[in-house]
Every structure is written in C-alpha cells, then in structure tokens.
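To begin, one chain is listed below as structure tokens, in the form predicted on its own.
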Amino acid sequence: MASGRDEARKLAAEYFRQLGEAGEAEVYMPSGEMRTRLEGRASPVASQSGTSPEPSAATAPSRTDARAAAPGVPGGGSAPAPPKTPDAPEVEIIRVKLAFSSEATTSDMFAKSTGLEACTTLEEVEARTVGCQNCELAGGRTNVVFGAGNPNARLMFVGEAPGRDEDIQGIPFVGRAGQLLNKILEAAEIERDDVYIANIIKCRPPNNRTPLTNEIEACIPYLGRQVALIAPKVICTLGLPATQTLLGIRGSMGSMRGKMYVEGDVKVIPTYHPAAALRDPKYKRPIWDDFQLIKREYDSA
C-alpha cells in the first residue's frame, strides 16, 4: 500500500502546485475525498495529470492474475487497463446572438456603417484606432491599447478597458491583473503568445472607472472587426462589462459564469476579471474552475 500512497501524495502535491501557480491560497476538499486519494484509489487528480495511481495491495491483482485476465495475448497478456477517466461535468449551454452578429437584436450599435468592413487585416484596423476621436476618452489617452497576441488564435480574451500600465505601454493586461492572468494561463498550460487579448474599449477611462455606454458604442466596432478577422472558436470575457456587452444580457457575474454561450461555432465563456481576485481572494476559486472549462474547449477547438 505504501507505493500507492506515495503516488497519491505526488499527484496531490502536483495538484496543489498548479493551484498555487494560479494564485489559489486555499483548497476546499472533503476529508473523505482526501483520505481516498491518500489510500491510492483513482482520483480526478490522476485523470487531469494523465497518470493513474497504483491500486492498493488489497485490490491489486498479482502478476499471474493480470496475465490470466488478458487472454489471447502472447506471453500471458499485459497489465490491467487504467481506470476510465470520468466524463467532464455538464455545463449549461445557452444559444445567443452575440453583439457582433448581423442578426443581433439586443443593440443598435452596428446600425450605422463604420467602414471597418473594408479592413482586411488587424494592422489596418489598428491604424484606424490610432487617430480615433469618436469619444471623449481620446483626449486623455497616452496610447491606444488595440490588442495583442496571435492573429489566428483559437482562444480570445476580452476585458473591460486599459488601466494605467496598459495606457503607458499600449499593450493589454500588463499590470497587476495581467500578471495574475499570466499565472493562471501558465497553470492551465495555455501559452499567452497563442491567444489574443483585447478590451471592449481601446482608451483608458479616467481613474479606471467603468466605461460609459456611449464610450462602448463608439469603440465596440473595432473589437467586432478584430473578432471577425481573428475568428476565434472560444472567447473568454473577463468581468461584467465585457460579458454584458458581448452577450447583450443583463445580470450579475455570478449568475452568468459557469455557463457557455454559443452562436454558430463560437463559444463564449464568462469569468470574473483577474482584478476581482486581487481585491478579494474568494474569486480565485471560481476563476480557476472557469479556466478548466476554457481549457477543455480550447483543446478541443
């Protein structure tokens, strides 16, 4: 039994290490489940890591039994098959018309042509944003924060607005919230260079306040064209303003996360903004749970 317990401890240690990289300070686990893991039985940790814990001495078949259990194999067969990986938990799927859809009825922000449909590359769209004067935020910006990442990304993150560090550098998510996002991506084994990151507005609001409706309406066509050109399969909205804007749905972040919103072959998965986890650690757990769903859909895209 000792070897089974050692393997279970190694798997648990790896699991806790990943949570630590994601910024998780607390782990919630029933004592019964922990006892089961330490006894060396099959566990979700083993399934996530791609390895299976050794069976306990009480249940492990002998070499003779293992060979006898595999008839038709020369030399007496092979080791027993590992436990079956449990199915991923069901997630509620909601069909929507995204804000970028030509059939969207939740907003008239695209009723007037912007001319951006003539832009065939991200560079052309970005060039249009540099001289943008469509709202009052243009007067207070240091840099337009257009977006950054893989122009052919399968996964795209959409946040709210640039902050101070982003305004200075002209790159999204480089401040404290961006550093936490980097840690979460690393723990989820997603390369930042493989995804694309943008915001619903491209200029920093004064004192990092929430963007106003007229500011979003003036700027959202740029994001719409970005999404059209990148054509991601999965979009993760970070925070309430980004989630409500893309989905055209009003509600709390708690009521909208944990679900998947689908239009055609595009899946939108909302989660809390990393800045929320910096303010209150209680948001770290739901963010990490949401990233498990994001990872699953990203890998299958």
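Start at 1 with the first residue shown and count on from there. Just so you know, these numbers come straight off a predicted model, no measurement behind them.
Just so you know, the form predicted in complex with a small molecule exists too; it's not on screen, but the next bit is about it.
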State yes or no: in the model of the complex, is some non-hydrogen atom of residue 273 no more than 4.5 angstroms from a non-hydrogen atom of the small molecule? yes
Taking heavy atoms only, is residue 222 within 4.5 angstroms of the small molecule in the model of the complex? no
I'd like to know whether residue 149 contacts the small molecule in the model of the complex, with contact meaning heavy atoms within 4.5 angstroms. no
Although the small molecule is absent from this view, report whether residue 173 comes within 4.5 Å of it in the model of the complex, heavy atoms only. yes
Work out which of the listed stretches, 114-122, 222-230, 127-135, 154-162, brings a heavy atom within 4.5 angstroms of the small molecule in the model of the complex. 154-162
